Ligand code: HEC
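Next comes just one chain, in structure tokens: the form predicted alone.
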């Protein structure tokens, strides 16, 4: 009995880990799990977060897709009478939508993107929150979202027209070049080969509308800098200039597989 009692804590731990792993795999959903156990669940940490499906994430976070834009702001500005910053390009159609729905649910998002919850969210480690960093911090308030800003920068950086030798920002350069593919049909030909974009759909749409390219390369910029995209070799490519000589030659590993190039699902 003493020997059994000594190992009971270990047995309990193995049972707990087994039940949590089953829950994370989608085979068992424990509705009785309280908030503290849920926030420390292995699905929020490496390596399980890399395999987490949207279904598993939305089992607890479904409200992010249920939220809708207010019909009017507190000041009385009506949404259907105002132009949001992301509506300034003609690639966006329909009513205003929330942040997560714009990236996951809108027709345009489904057409050219294949983003998942863990494309941006790589866990929410409670040990890295700042709520208890001061005497007045609230222990129940999560202050960080734990999203790498470089993920946002990939699609929301500035258009680096100076590095590209263009006469000015794309709205000016477009008058001379009309479409990005005027040059990029033969230059920097390895494009959009990451698992959160639909490469074929982007390329096809870009042939019809330059805003498809500009939308993610300066047209919806959140940052004053541009993203240092990997510099893949292309036929007859030349050595990288000084401003690009330290760039990687491929995208981060977690964005490489599996790559979906289909135009639509």
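Positions refer to the first chain, counted from 1. Under this definition, the rigid core comprises the largest set of C-alpha atoms superposing within 1.5 Å between the forms. All of these numbers come straight from a predicted model, not from anything done at the bench.
The form predicted together with ligand HEC exists for this protein as well; it is not shown, and the discussion that follows is about that form.
In the predicted complex, no heavy atom of residue 168 sits within 4.5 Å of ligand HEC.
Using a 4.5 angstroms limit between non-hydrogen atoms, residue 245 is distant from ligand HEC in the predicted complex. In the predicted complex, residue 77 stays away from ligand HEC, with no heavy atom inside 4.5 Å. Of the heavy atoms in residue 61, some are within 4.5 Å of ligand HEC in the predicted complex. Interface residues of 189-225, taken as those with a heavy atom within 4.5 Å of ligand HEC in the predicted complex (partner not displayed): 190, 191, 192, 194, 196, 197, 202, 203, 206, 212, 213, 214, 216, 217, 220, 222, in sequence order. Annotation: Cα of residue 84 displaced by at least 2 Å between the shown form and the other one, core superposition.
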